[in-house]
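Take a look at this single chain, the form predicted on its own, given in structure tokens.
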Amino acid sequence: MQDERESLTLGFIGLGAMGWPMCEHLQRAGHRLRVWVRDAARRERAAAAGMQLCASAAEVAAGADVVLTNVTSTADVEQVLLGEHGVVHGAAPGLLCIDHSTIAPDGARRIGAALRARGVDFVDAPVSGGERGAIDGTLTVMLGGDAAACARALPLLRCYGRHIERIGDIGGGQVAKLCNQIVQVITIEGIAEAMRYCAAEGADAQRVLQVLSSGFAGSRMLELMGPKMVARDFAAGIQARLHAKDFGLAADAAAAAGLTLPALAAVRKQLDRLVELGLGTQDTSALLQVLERG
């Protein structure tokens, strides 16, 4: 395992709402950051923070001990790691890649195998906790990879993760993340349906929410999403379009496994409808608005 006090040269690709605070935590821990950023405003912010700007993902990897990525889709991860100007073309044997994106488990396995053939270690490490968890350094991190690679990643992950669990080999982290999304978003849909029914009956939504929170219906999702729905505050904690993307991954994975998951299928339709209505950049609590529009 890497000495937690050792200062490393790290590459980071994906400085969005989650990636930026991760980088800040890594810098505060004494690590040097090399980044590739396409957005001009984010480039300026990274440069102002003392991060070294690189012209490509391959350049990020050159001289780095570890490269971390946090992008959107399976295709995005493949492009930045294995594409024409990807990390693999600047990587020295022994480089470790840690991917925080939520992608298809089979995609993670395919990417891991391609990197391994080039002497690069890979850990899929999707996270839960949202932007707030990234800022506070309290993320849950789900790891897939061989034990040695995960042990090597652990000191870095502790910079912003509170609960870190190795699930198994490559792809295991993504399986756990999709399980997380299934439970989380089906619960949000249940809260939205309860709030819609409450309004239709003319009951006091705040009082209903309070009593639900004290009983078996109480949950972290109810605590987060219930007040947002009552207040009609649909500002994004996590944009609903990302949950829609994740549910597509989960549905595809379930189909590949020969499974019928009816609640997942029903909520996927609601998420797709939400995006069709132009609400994809709002919070997933906006599922309430889908119900209201019929």
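Note that residue numbering begins at 1 and tracks the sequence as displayed. Every value quoted in this text rests on a predicted model; they were computed, and no experiment measured them.
Omitted from view is the form predicted in complex with a further copy of the same chain, to which the following refers.
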Assert contact residue (a further copy of the same chain, in the predicted complex, non-hydrogen atom within 4.5 Å, options 135, 159, 182, 82) equals 182
Pick from 107, 90, 155, 129: which residue has any heavy atom within 4.5 angstroms of a further copy of the same chain in the predicted complex?
-> 129
Counting only non-hydrogen atoms, choose the one of 34 to 42, 58 to 66, 228 to 236, 254 to 262 that falls within 4.5 Å of a further copy of the same chain in the predicted complex.
-> 254 to 262
Establish, in the predicted complex, whether 141, 214 and 224 all lie within 4.5 Å of a further copy of the same chain, using non-hydrogen atoms for the distance.
-> yes
Taking heavy atoms only, is residue 219 within 4.5 angstroms of a further copy of the same chain in the predicted complex?
-> yes
Any chance residue 71 has a heavy atom within 4.5 Å of a further copy of the same chain in the predicted complex?
-> no
Looking at the partner-bound form in the predicted complex, is residue 8 within 4.5 Å of a further copy of the same chain by any heavy atom?
-> no
Contact between residue 190 and a further copy of the same chain in the predicted complex at 4.5 Å, heavy atoms?
-> yes
